[in-house]
Each structure stands twice: as structure tokens, then as C-alpha cells.
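Below sits a lone chain in C-alpha cells, taken as the form predicted on its own.
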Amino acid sequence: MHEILLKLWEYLSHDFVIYALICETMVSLCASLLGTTLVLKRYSFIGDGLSHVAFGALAVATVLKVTSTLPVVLPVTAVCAILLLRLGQNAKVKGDAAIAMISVTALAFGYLLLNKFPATANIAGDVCSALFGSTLILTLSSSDVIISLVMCALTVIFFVVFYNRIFSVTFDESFAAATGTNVKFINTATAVIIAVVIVLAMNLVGSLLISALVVFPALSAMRLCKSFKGVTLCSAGIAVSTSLTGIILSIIIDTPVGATVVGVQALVFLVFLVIGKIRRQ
């Protein structure tokens, strides 16, 4: 136990670990707040779809040797998020089909670009890092922390100010529109925010594991809580605690951060699932 504490203390002395803890907390909080709405609207898979889009945009920026990839990846992901919501409202292209269509195309396009125009000799390592976040966490800087804090503050403000409208749009868009709610604005703002969250989360868990940050906390909270507010608050608590636990656990047992965080969230979901069944009985 003493050795574990010494190892943990040694890692916590590094700036990138502190940056990772702060960024993971902020990103998880944002993802959980919006995740409840996305899950209830049956758009839980949008996180996975947008993460693939972000991977494709990242591949383009890498091939073009862009120094800062954020100005390239973020606008592309945000535009695709808005398109996904618009396509999801079109009877000819259902939401799940639109997400699958865009995400698979972006993922394949990104891998083809990296394969044909490799930025480094280690293509497999670059792809693995982008998909699973295995080494990207080492590149976090103070600017990433500032961006995460600002993004978290904006998300919380948006959620608090427009809480009643978000609640209405989540359960019945037609009724919300009839009562004067600007449904397009709420959907567009939600899409842009979730796109930013996903782009930031790529450095922590990788593009293939991002949807876990959106889905697992909300689903876990729904096993115990019945009200929208209760689910949202419980989801936020689960997201933050599991993310911090995952990072600390990955340090102790020397495992990839992204996979460890997702594993902890999956385990917590199973525990809440059992507790929920016991309560119902």
C-alpha cells in the first residue's frame, strides 16, 4: 500500500497528470449534462459518430501538417453535429442511419489519408493513439486546461439558463415549439457544445471511447432516479467520480487511461443496474 501511495504521489508531481485530472473532470461534467438529453432523445450514439468525424478531421490536419489541429477539427465536428440533428429530423434519413453513414465515412476517409500520406513512420501508433487516447494525454498543456474550464463554464451556464427549454425539447419538440421555444436554437447549441466536448475528450479517452462519457453516466443514473433533474445531477456526479477514479486507477495498475475510465464506468453501470432491480423488487 505504501508503494502504491508513493507511485501515485510521484505521478501527481507531474504537470500533465494534474492537467489530465482537471480536463477529465471538466469534460466528463459537460458530457454528462448533455448526455441525459441525448440518451432520452435516442441520440446516444451521436457521441460515437462525431468522434469518428473528429478523427477524420484530425487525419486531414495531420496530413496537411497543421501545427494546431483544434481550429480544423472543431468547426468540422460542429458542422457535422448540426447536420446529424437536421438529418435525424428528416423522414428519409433516420437519426441512427445518418450517424452511421457520416461516422463510418469519416473514419474510413481518415484512415485512408493517414495510410497514404503518413506524417510519421509509426502509422499504427498514431492511429491507436487517436482512437484510444493511449499517449495523447501526455501532450496536455495549460492551454487545454483553460479551454476545458471555459467550455465547462459555458455548458453549465447554458444548461442552467435554458433548463426549462431543454427539458421541454427533450421530451416533446412539437409541444416545445408550440409554446414558443426556439427548438432549432436549443438543438443547434446542444450540437455545437457536444461537438466541442468530443474534440476535447479525444486527448483523454480517444475517439472510439468518447461515447462512453456521454452514455454510461446517464444510463447509470436512470437506474435509480426517475426525475429529469435527479438523473442529470446524479449523472454528473457519476461522470466526475468515475473519470477521476479511472485516471488514478490507470496510474496504479499501469493501464491505458481511456480504457480504464470506460471500464470503471461500465462497472458502475452494472452496480447501479443491480441496485435498481433490487429497489424495484
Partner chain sequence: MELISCKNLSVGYEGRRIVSGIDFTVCEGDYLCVLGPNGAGKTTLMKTLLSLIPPVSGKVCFGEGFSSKQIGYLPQQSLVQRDFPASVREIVLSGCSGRMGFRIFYGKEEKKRADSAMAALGITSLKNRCYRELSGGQQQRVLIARALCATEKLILLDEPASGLDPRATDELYKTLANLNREKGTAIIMISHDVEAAKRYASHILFIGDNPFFGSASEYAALESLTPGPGIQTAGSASGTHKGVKRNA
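None of the values given here were measured: they were computed from a predicted structure. Numbering follows the first chain given and starts at 1.
A second form of this protein, the form predicted in complex with its partner chain, is not displayed here; the remarks below concern that form.
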{"item": "Its partner chain contact at residue 184 in the predicted complex, heavy atom, 4.5 Å", "value": "no"}
{"item": "Contact of residue 170 with its partner chain in the predicted complex (heavy atom, 4.5 Å)", "value": "yes"}
{"item": "Exercise: residue 65 in contact with its partner chain in the predicted complex, heavy atom 4.5 Å", "value": "no"}
{"item": "Residue 228, heavy atom within 4.5 angstroms of its partner chain in the predicted complex", "value": "yes"}
{"item": "Among 194 to 202, 101 to 109, 146 to 154, 171 to 179, the region lying within 4.5 Å of its partner chain in the predicted complex by heavy atom distance", "value": "171 to 179"}
{"item": "In the predicted complex, the residue from 70, 248, 222, 233 that sits within 4.5 Å of its partner chain by heavy atoms", "value": "222"}
{"item": "Contact assignment for its partner chain in the predicted complex, among 60, 244, 40, 252, heavy atom within 4.5 Å", "value": "40"}
{"item": "In the predicted complex: members of 143 to 167 within 4.5 Å of its partner chain, any heavy atom", "value": "160, 161, 163, 164, 165, 167"}
